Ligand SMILES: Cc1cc2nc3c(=O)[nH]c(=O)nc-3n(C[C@H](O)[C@H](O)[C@H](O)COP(=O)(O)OP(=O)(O)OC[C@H]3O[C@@H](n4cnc5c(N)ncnc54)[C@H](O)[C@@H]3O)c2cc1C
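Take a look at this single chain, the form predicted alone, given in structure tokens.
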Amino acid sequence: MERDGQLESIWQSEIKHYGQAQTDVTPNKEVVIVGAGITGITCALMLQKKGINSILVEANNMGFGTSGGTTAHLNTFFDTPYFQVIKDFGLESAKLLANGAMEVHDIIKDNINTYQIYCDYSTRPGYLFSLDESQDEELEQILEGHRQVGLDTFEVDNNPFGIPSVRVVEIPNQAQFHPLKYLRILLKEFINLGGLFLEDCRVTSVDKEGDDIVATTTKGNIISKHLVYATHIPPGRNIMHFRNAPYRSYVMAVKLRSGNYPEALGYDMFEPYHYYRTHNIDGEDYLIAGGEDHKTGDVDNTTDSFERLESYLGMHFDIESIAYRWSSQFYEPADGLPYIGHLPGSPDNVYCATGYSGNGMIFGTLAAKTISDIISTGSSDYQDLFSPSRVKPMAGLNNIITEAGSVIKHMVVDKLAVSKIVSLAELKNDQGKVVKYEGDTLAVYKDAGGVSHILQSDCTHLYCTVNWNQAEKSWDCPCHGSRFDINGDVLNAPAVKKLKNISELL
């Protein structure tokens, strides 16, 4: 199974390409779901079970995006803590959010039981731990927020991961699973119920024609009544790109000399935080740990992020070897909660789901529940809480201003900065950079064999200058998170068009 980067995640080692026969026939369906990750597959199955015929289209293969790179923590708490949700949205909204987390856990467990999914599902306690006094002040606020929403949390004496801590709290009944084993069976059940799944089918535009939604794709037009963008960020140009910021997180699956693999989920209180869990694959135990998050495209040498993560883990664990390492993309919402529902500025019955922070498995499932309820019944318990049209200036204004400023910087300042880059000839093998060449700005990668892959450097979304991601061998846009491979093909939306490949014209 392929994913949106050069590095293989631990999940790909077991689940390969989904082997469904391809078809060029695109019959009309009531709903088109774009994107075969946790949101799209779950939503497609929910709708099909309700008798609403759906077609699931994926530009690459199942789990190609973040669902293939997640660490698959299933939590009842979130990156935006409940105390902050209470402050910004009110206590009742925070309680509704907590209820949503519990409902998702039930949905996932019901799917596993109903379809007999062997996905290594395991209920485990989660642990938050503070490592200094300032972290402990925030942990105290988190404890109070959990108390107000009714989430069981209590202090314990020891940190199961052995990291010296000021305070450790336990949140019972968290969980984990193998995400691709789970999604593969959900996809199979969707198809068994009469749903249609098309791989290698990219949606390039969506238009309203009368009462219908017309999706233009690389396999022809598809006509429907509803369309769901389950693409992590909706493609094209829309307001969601100014309310969400793209980030990358780094993960390692390591073997420990001690043989001590705690059956727990762990999180420190750094900003960005580190997260931990363990998993057994083919009889081998691994510690899976991540962190070192940064804005997409804002780091010159992404391999440094892996080195920092390895160095930090080496302080607390006796690492025997690093079996896997990979990075993955997520989107931070401006006001702390995801945007799920009608996509502002789009035709009626076009929906989006974005801004999951680091909680993709939970919010992806909750998004599927929310949107499938809106389509099937006209409403959802969560539609107001997650409405993409909501305005929470006090909660999100500073973040919107900060991220918009970052976008402007990369759209203007970077254009000027590239003039300082020296010549094309200074590239070493297996190196990429944006260079100035005869008045043009080019994105150039020279591979290990010395062959240069030359692209136009302007992202096809809003024309920001892309930056080289050495770890994943990709060109990443720092404005809205679009990513391209060395030949210019799209890896991540919101861009839908590839970078122009200058090499092919030479």
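Start at 1 and count along the sequence shown; that's the residue number. Note that the structure is predicted; figures quoted are calculated from it, not measured.
Absent from the display: the form predicted in complex with the ligand. The rest refers to it.
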Partner proximity in the predicted bound form: Val496 to the ligand, non-hydrogen atom cutoff 4.5 Å: yes
In the predicted bound form, His73 touching the ligand (heavy atom, 4.5 Å): yes
Proximity of Thr66 to the ligand in the predicted bound form, heavy atoms at 4.5 Å: yes
is_contact(Phe306, the ligand) in the predicted bound form, heavy atom dist at most 4.5 Å: no
Candidate spot Thr39, Cys201 and His232, all three touching the ligand in the predicted bound form (heavy atom, 4.5 Å): yes
Heavy atom contact within 4.5 Å of the ligand in the predicted bound form, the stretch among 165-173, 117-125, 223-231, 133-141: 223-231
Residue among Asn244, Thr302, Gln329, Thr370 with a heavy atom within 4.5 Å of the ligand in the predicted bound form: Gln329
Candidate from Leu187, Ile340, Ile362, Met240 lying within 4.5 Å of the ligand in the predicted bound form - any heavy atom: Ile362
Residues within stretch 44-64 having a non-hydrogen atom within 4.5 Å of the ligand in the predicted bound form: Val57, Glu58, Ala59, Asn60, Asn61, Phe64
